[in-house]
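The chain below stands alone and is given in structure tokens; this is the form predicted on its own.
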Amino acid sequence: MVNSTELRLWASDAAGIPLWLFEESYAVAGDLAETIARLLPPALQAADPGLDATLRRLIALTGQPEAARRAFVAEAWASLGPEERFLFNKLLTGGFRMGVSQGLMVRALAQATGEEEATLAHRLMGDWDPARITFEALVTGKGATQDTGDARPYPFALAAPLEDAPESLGPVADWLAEWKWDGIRGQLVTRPGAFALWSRGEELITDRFPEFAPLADFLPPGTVLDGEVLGWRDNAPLPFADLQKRIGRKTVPRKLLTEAPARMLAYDLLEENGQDLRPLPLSTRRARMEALLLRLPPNLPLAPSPRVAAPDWTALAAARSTARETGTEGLMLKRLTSSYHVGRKRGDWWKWKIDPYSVDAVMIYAQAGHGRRANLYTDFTFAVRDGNDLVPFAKAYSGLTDAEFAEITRWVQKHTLERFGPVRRVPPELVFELAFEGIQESPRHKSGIALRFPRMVRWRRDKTPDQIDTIDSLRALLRVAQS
């Protein structure tokens, strides 16, 4: 409804201060909602419009001209006290976070209502509309209006990283091994009157993959499949960057459909003929899924994710070492007796990823974090060498301890060369090892390279800036990744 740029402009005007001073205050506070609440003058006449009325007005303003949106926000700011303004701003920015995980919320609701956790988690999935469904109907299922054309997915089962030796899991025969694909995790739902594809983030993405539409004619009603959506050509996965072009689009142009056709590799069968199969052992669900998909025409963009068979852990480790050659990130290990659990449950599902790529780089810019890290410099820009020059190529903000961030913050404060709003340019002296999952060409970056999921692994106090990697070494790594 309102973006952060508009809020900063409107708030600086309402507070009667120049925008640069507002931006400096924001950099210190680290939270836009708090900055606005503290800088605005006291309300002339406090009022309490109520949460329901406020949300309804916000929803009604969606798509309205800037003048109408600004008038409503200014009116609210002028009538709310500091605490109410803070909460109102959080609603505007979408940053109203309570620091409570979804799993903890579901457990609390289960205790409060007497409902089963798994049942509640399923009811909370999907795009239910609070304007049509009451809280009571949502948590109890009584009087809910979701029965007709119900396209809700199930809560996704997640895996934990395997940190111990795989031999600690027992006999390899007790486990299903399959590739860990680098795509979009999704659930394909086919029920009477409904056909939907959901991402793991509970986003409805059916329209972005029109090539899946024929599946509605062949999958029996009451079928829910869990799998990975991939760009797929010549019987091999395409880089995630090709698939990523569809994210954020409501319609997909024909050119993109041709360049990166999509395919779903199915992991699991969660519902069959309207029956919830999640409590059954994985071995049973998998056998039913493979039998179901075997009956489909072979030209459909849907197939089982292949099993990776091995007689022992040594052989499976050898298969895992070839993951990059198959365009995957490693292996998934799932206990054959496991049910389809809700969320991340340690013990039954593991992701056994290959070691990430890594590079040594020097920090050249630093920016303060947000929230509890607003007073620490945690967001860094890194560079590698190109002859005698430094080329920025990546940003990272995670991987170090709070103590390390505090030490770096003190160093940045003493060594700042220039300031660009909240950003500080520093001398290229601190070297870090960055890990990342993938590398690709990018015309949008000065280096011509973009990394996937970069994060700091170590502060390399043992290295000097003349020992960092070069842009040529990154390009060589790119050629290897593309081969």
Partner chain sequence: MREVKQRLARHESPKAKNTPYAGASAHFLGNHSPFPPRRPCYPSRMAGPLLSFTDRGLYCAAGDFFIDPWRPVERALVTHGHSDHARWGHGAYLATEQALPVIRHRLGEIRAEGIAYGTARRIGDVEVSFHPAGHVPGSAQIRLEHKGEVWVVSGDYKLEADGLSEPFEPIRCHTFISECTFGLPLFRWAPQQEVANQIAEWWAANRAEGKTSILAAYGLGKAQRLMSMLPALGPILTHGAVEETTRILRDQGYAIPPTIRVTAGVDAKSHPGALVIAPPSALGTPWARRFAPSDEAFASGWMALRGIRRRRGYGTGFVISDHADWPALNTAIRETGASRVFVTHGYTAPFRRWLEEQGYEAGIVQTEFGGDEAEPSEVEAQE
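These numbers come from a predicted model, not from an experiment. Positions refer to the first chain, counted from 1.
Separately, the form predicted together with its partner chain exists; it is not shown, and the next lines address it.
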{"query": "Its partner chain contact in the predicted bound form: A29, any heavy atom under 4.5 Å", "finding": "yes"}
{"query": "Any non-hydrogen atom of T314 within 4.5 angstroms of its partner chain in the predicted bound form", "finding": "no"}
{"query": "4.5 Å heavy atom contact, K414 to its partner chain in the predicted bound form", "finding": "yes"}
{"query": "Contact label in the predicted bound form: Y377 to its partner chain, heavy atom within 4.5 Å", "finding": "yes"}
{"query": "Single option in R295, R372, R346, K255 placed near its partner chain in the predicted bound form, where near means a heavy atom within 4.5 Å", "finding": "R372"}
{"query": "Among the candidates R425, R70, R38, R57, the residue which, in the predicted bound form, approaches its partner chain to within 4.5 Å (heavy atoms)", "finding": "R38"}
{"query": "One stretch from 470 to 478, 21 to 29, 5 to 13, 455 to 463 that, in the predicted bound form, holds residues within 4.5 Å of its partner chain by heavy atom", "finding": "21 to 29"}
{"query": "Neighbours of its partner chain in the predicted bound form among 302 to 335 [non-hydrogen atom within 4.5 angstroms]", "finding": "none"}
